Structures are given as C-alpha cells and as structure tokens.
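Next come structure tokens for two forms of one protein chain, structure 1 first, structure 2 second.
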Structure 1
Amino acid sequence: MKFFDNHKKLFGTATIMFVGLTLLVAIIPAINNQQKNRPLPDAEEMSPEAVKGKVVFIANGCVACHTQQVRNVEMDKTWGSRPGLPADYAGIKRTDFWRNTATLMGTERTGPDLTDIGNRQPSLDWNLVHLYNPRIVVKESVMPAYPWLFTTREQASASDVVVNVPEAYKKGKEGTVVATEDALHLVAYLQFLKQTPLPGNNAPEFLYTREGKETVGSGNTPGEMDGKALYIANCQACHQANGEGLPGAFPPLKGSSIVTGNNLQLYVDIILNGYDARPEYGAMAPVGANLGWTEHEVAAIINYERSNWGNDGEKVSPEEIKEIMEFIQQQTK
C-alpha cells in the first residue's frame, strides 16, 4: 500500500492506534478507579511505625513471594473473610517523591497471602523469631532469613526487644538477639495488615465454591471436621508439628494440663480469644475469633490435640463446645 510507504504515516498510524488503546484499557480506567474509589469508613489509619515498616517490606522485595489480594474465588477464603474490594486499595498513595504507589498486590504466592496476616498471626514474638530465621518455627519454610534486621548484644537493656533465638540458629554468636527498629516497624506493618470489615453485611460472594466438601471456617456442617488440617494451618506455626512448642517462646501442648485437664472452658476460651497469662511465653492471638470458628472447628482442634503426641484426653462433642462458647460470649458481653 502506498500509504504505508511513507514512514511518517505508517508509524503515525501505529502510534495513534497504540496510544488510543492504551488510553482505553489502561489510563482512563486507572484515572476512573483512582477518582471513584474511597477507603472504607472503618479503615484504620496506618501508624507511623507501620508506614516505616511498609518501606522495609518494599525494600526487601517481599512482594516477590507474598500477594496481598483475596480474590473472589472460594480457594482464597483461606486468606480473608471476604473478597478484596477496590476500596481496600483506595487509600494507598504514592510512597514518596522517588517511589511509586505500592499496592503490593503481587503476582506470585510462593509464601502465604498477607492481606489479613494481622488477624491471622499478630504475635510480635512469633513474627520476630520467624523473621530472624523462618525455619526456627516452620521447618519446611523456604523463606529467606532476615538476621540483618537484628543485632546481638551482650546485655540487653530494658528498652530492647529481646528475641528468643535457639542457640543452633545464632551461628556461634554470643549474647542476646535484639530486634532493630526496622524489624519492629516491619512487624508493626504486618500487624496492621487486616481486612477492614464492611459496613452492613453485604460482602460480595466467593465464586467457584467447592461442592460437597466443606471448607475451613464455614461451619454449618454436621459431622467431624479435619482437626489435623486445621491444626497444621492455624496452630502448627507456634506449637509445632510435634506439639512441643518452642522453649522460651511458645508453650508445649504435649502433656499440657490445659489440653488434657478438665477446665474445658479455659481451653475453649484460649482457642477463641487468645492467652497472655504466662510471662515466659509470647502472647497468643485470638485465633478462633479472628477466623470466625464455630463449635465444629473448635471441637475438631481439641480432639486432635487431646489424642496426639501421647496426650490422652477425653473426646468432646460440638454440642458440648457450643454450650461453652455461648457461655463465654455472655461473660464477655
């Protein structure tokens, strides 16, 4: 064609076509979304520590392995109670003069999604130990260790946050491991990462629901749930696969008087609402409450913990647990 024998016309046409399509599928939708969406009314303001922690998160390229998006498909229900919405990201603005906005949605899930990690794993102690070397608490983990976020002191001062690192992981360094500001900020950021509840109760539904098989956290099934799977997914990171916990950080469940004893009410309360009564151990998060567990999950977990690692406790029924849960709820009100 003669038209295309003119380089100005040829490249002009191609450019116009490309720029036009770019406007249609990228620039205009981007501007549109930027103007239209507003953060949720209940969205928490980021603390200055969390803001600094996010910078640490970006600098270390954590987004390479951790997504921050709960897709509207059933399989993502593990990562949050509702699908992500444009409003969840609406408050994120340009980081600074040098750096672009970081929604950190990510494209790889080599490690877990972090959208709701603040609810799932809020423990400062656990996060610090895990950052020092993930394999202290999760043996199978392939996450990098971040020892440069910590220093070793001969004597920790009162203001220092001491991290209980087993000797084997200290690589011959003497002294106590202390978290730097960066580590504390990073944990502050991780603790900040929580799904904001929606006003009213009209969250969009998850698609591609699994038929037949019930999922963790959706509770209305009769019959027994898989206590082992629940334990692996929600408890094992601290209490470990062998139920022995980590000395100085997380208490053992093996032979624990709470697990095998008679005070079922305390046991259920800890699972639902967490525990911080023993100074020698880190605080436990309200795991059950965060994940909206019903009596079925709680009973399955209790039965798993009571019948493993040599524990020999009485079996409980969901009905029993339901009663206790209702009682606890009345008490806290």
Structure 2
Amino acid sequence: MKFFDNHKKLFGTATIMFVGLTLLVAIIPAINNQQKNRPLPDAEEMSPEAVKGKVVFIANGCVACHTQQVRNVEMDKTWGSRPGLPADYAGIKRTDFWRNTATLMGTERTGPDLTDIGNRQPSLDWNLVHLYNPRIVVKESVMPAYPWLFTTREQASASDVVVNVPEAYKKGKEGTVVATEDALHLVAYLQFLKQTPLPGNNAPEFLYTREGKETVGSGNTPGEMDGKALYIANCQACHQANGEGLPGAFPPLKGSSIVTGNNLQLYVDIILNGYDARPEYGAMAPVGANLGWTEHEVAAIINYERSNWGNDGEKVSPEEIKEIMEFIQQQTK
C-alpha cells in the first residue's frame, strides 16, 4: 500500500478524479443542455429597467418567499397557463461575472408564485401600493412592507410617480408618497415575468381539465363557472372583498353605475381591455385579455359582481356576452 504513503500520488489521483467527474457529471451535460435549449420564439428580452429590478428583487430577499416555477400538478394551475419548460429559462443570463443568480426558481411559496405575475397583476398602481404596504390591498397578507423604496415629499414634481396611499397608512407623515427608481425598477421586473405562449398555442396540459365549477349558494346555476372564485383570484386584490375598492386608488364596485347599469358593452370592455380613470383612480389592466377569458368567465364575473354587496343588476348569459365580445373585437381591428 505504498500508494497511500505517497501524498503526491494520493492527492494527484484524487484531483484528477475530481476534475474528471466534474467534467462528466456537471460541465459537459450543462454545455450540452445550453446547446439544445433555446428561448421560445416569442420570448421577450429583459429591458434595462427590468434587469435593475431583478437586482432589487434579489437584494430585498423576495426570492426567499416567492418561486418562479410552475409544476405539472393541480395545485400549480393558478400560477400559469401551462407547466414550466426548460425553454422558459434558456434566455436568462448571469447577473454579472461573479454572481450566477440567473434563474430565481425559489424553494418556498410563502407568497404566490411569480412565473406569470406580469399577466396576473400588471397594474403599476397596484404593485406600488402593495410594495409600500401589502395590508392596504390584502388585509391578511404576511408580506413585509418596503417603505424604503419610497419617499415622501411636500409636493410631487411632474416627473414623479405618485403612489395612492390612503391617509391611514402614511404613518403620520404628511405629504405625497413618491416611488423611487428602485421601486419602479422592481415593478418593471415583476411586469416582465410572463409565460411565453408556445407556437400554435400547443401548451402541454396540466394534470387537470379546465371545467366550469359549480357555485354553491351564490346564485349560479349548475354548470356555470364560479364567479366568486374568479373574482377572488383576479379582482379582489384591487376592488377588495367588500367591493368598496380603495379611495384614490381603485374604484368601488358596490353601487357602481357601470356594474348595475345597462351599458353592458362598456362593462365587458373594461373587464377585457381595462380602463384608465386617471386622475381619480389608477389605471386598470386588461385582465380578461391577458388571461384569455372567454364569454363564460366574463359572464360569471359580471353575475357575481351584480348580485353582491347590495348590487341588484340583471343577470347575463354567456351567449349575449359572446356577441358583445365579438363586436368589441371587430371595433378594435
């Protein structure tokens, strides 16, 4: 066993084996994967603002609570239109030479997955208010507030992005809350996070089928989609569970003339394509268009909003909503 007595041979052999195994197990397979993997054809490159926002995202520890991966399991169906693919991460580059924080897939979901958050919540106003204090828009939120991403001024300038913070949440500070560049960059990164559609919309299915879910006790007939569940998932963050919205930020649906009125075309258009009610309220994103809603989702949302919080609007059918949607599409061509 003279081999073990010769430290040069011993450590030399160990080094050669270590380097060889590293090449075979890690480096060569990684190079092979990079050669095979390509970003999807319609994948967008990250803007300079989003790149800076990613650094802010990492610096503030957001990756500790949020994932960016949609698994092919039923519980992940709310986070994206399809399961994640290697191509979704192929175009992501290193942060810099020294840091390989390219993909931020995460390990926990203390907060929701952010894979498709740019489509689920693209509103600049909502994201800024949420960063300033999450409890303003989601009372049960356990997410920490990030007030250092904002500053308070006596009077905002024309170039400032004003955050519509209710007076009760300003912590005794008088003045106007203004977003810093870090806050705007962080939101730019969040808005960038979107699932790229596959060519021909040939998305692999989740381990579930999309079916209309019956609603118990909310006025829906069997077979209709669950308007309450759709509202909670896509509308409640801004308009709140009680339908009263947030003064100066998001309009109320309770008692709204648009919700209970007869202008159904305007109502459907707002759900699909959003609406800009500035300066009274922040701009609403095109929620329905972003999520690819059909007449069934839109009808379910309308019927839920028209029959809650004291609203007493006329019930609509998917058939009449479909006609309106087709008319709106023709008008925008």
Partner chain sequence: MKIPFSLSILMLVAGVYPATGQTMSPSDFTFHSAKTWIILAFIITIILLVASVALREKVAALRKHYRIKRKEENRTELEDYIHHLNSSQIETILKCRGKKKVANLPVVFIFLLGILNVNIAAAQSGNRSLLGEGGIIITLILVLVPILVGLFLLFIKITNALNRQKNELRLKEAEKLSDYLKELPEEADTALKKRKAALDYSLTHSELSGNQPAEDVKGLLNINRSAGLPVVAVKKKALPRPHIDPALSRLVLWYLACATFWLLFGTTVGEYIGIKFVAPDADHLSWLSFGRLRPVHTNSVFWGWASLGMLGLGYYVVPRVSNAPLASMKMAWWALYLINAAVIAGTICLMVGINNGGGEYREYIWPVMLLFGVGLGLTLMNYIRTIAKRTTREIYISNWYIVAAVIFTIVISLAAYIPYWQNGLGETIIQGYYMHQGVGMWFMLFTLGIVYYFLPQQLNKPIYSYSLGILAFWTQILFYTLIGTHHFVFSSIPWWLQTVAIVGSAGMAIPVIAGTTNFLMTFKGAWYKINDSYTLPFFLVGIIFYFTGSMQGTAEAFRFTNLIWHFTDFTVAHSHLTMYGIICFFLWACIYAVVPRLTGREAPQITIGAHFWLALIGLLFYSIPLMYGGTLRGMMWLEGKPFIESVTMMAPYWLWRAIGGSLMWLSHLFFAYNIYKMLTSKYTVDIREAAIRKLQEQTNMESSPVT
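Because the structure is a prediction, the values reported are computed rather than measured. C-alpha atoms forming the largest set that superposes within 1.5 Å between two forms make up the rigid core. Counting starts at 1 and follows the sequence of structure 1.
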* Compare the two displayed forms of this chain and pick out the form predicted on its own. => 2
* Give me the angle, in whole degrees, that the smaller rigid part turns through against the larger one between the two structures. => 15
* Fit the two forms on their core, then tell me the C-alpha shift of A26 between the two structures in angstrom. => 4.8
* Asked: Rigid core superposed, T13 Cα shift between the two structures in Å?
  -> 10.3
